[in-house]
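Single chain ahead, written as structure tokens, the form predicted on its own.
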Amino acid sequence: MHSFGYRANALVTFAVTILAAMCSLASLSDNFNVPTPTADVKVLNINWFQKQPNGNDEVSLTLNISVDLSSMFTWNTKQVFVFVAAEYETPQNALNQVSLWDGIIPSKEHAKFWIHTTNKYRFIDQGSNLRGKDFNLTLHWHVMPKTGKMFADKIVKSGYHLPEEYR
């Protein structure tokens, strides 16, 4: 006959194996979800555009953000982190990204929203590179599952232009 310790070890090993198999199946089931997110990010106004005393350019924008990420949520989704970034090129860098706004969507009920806001974070370029610059507004999201790997994607809205002169 087997001892109590041997039986307890066999039971715990079996339970952990079943739990690992269930987590693997849960993670694999997310591959069958085909999300169709929609987003519209617009610049309604350039509130001010100035040169700081240290020589850096700074911009304040009024944004209109309309998003529907409800298709991202499955039974395995814990939350979705979403942020809006301004992306532009300078002579020093092929890609500059400045985060303007972010948020955490905790559930499917909160995944469809519309906000009218100024940029939450300062839009500053290290140098005088923003005058007359074209830039894109990109909505990025990172889906954080309960089990399995995270995945990220984005929607790019192009065609925005900063003025030639400070105001």
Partner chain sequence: MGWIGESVESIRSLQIRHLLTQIVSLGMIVTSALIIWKGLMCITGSESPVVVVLSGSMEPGFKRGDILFLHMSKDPIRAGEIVVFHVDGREIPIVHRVIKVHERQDTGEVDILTKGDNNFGDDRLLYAHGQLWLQQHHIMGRAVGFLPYVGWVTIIMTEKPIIKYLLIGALGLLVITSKE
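Numbering follows the first chain given and starts at 1. What you see is a predicted model, and the numbers here were worked out from it, not measured in a lab.
Omitted here: the form predicted together with the partner chain. The next part is about that form.
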Since only the chain is shown here, I'm wondering whether residue 157 would be in contact with the partner chain in the predicted bound form (any heavy atom pair within 4.5 Å). no
4.5 Å heavy atom contact, residue 16 and the partner chain in the predicted bound form: no
Report whether the minimum heavy atom distance between residue 150 and the partner chain in the predicted bound form is within 4.5 Å. yes
4.5 angstroms heavy atom contact with the partner chain in the predicted bound form for residue 113: no
If contact means a heavy atom within 4.5 Å, which one of 122-130, 45-53, 32-40, 59-67 is the stretch that engages the partner chain in the predicted bound form? 122-130
Can all three of 7, 12 and 107 be found with a heavy atom no more than 4.5 Å from the partner chain in the predicted bound form? no
Contact check, 66-87 vs the partner chain in the predicted bound form, heavy atom within 4.5 Å, ordered by sequence, gives 78, 79, 81, 83
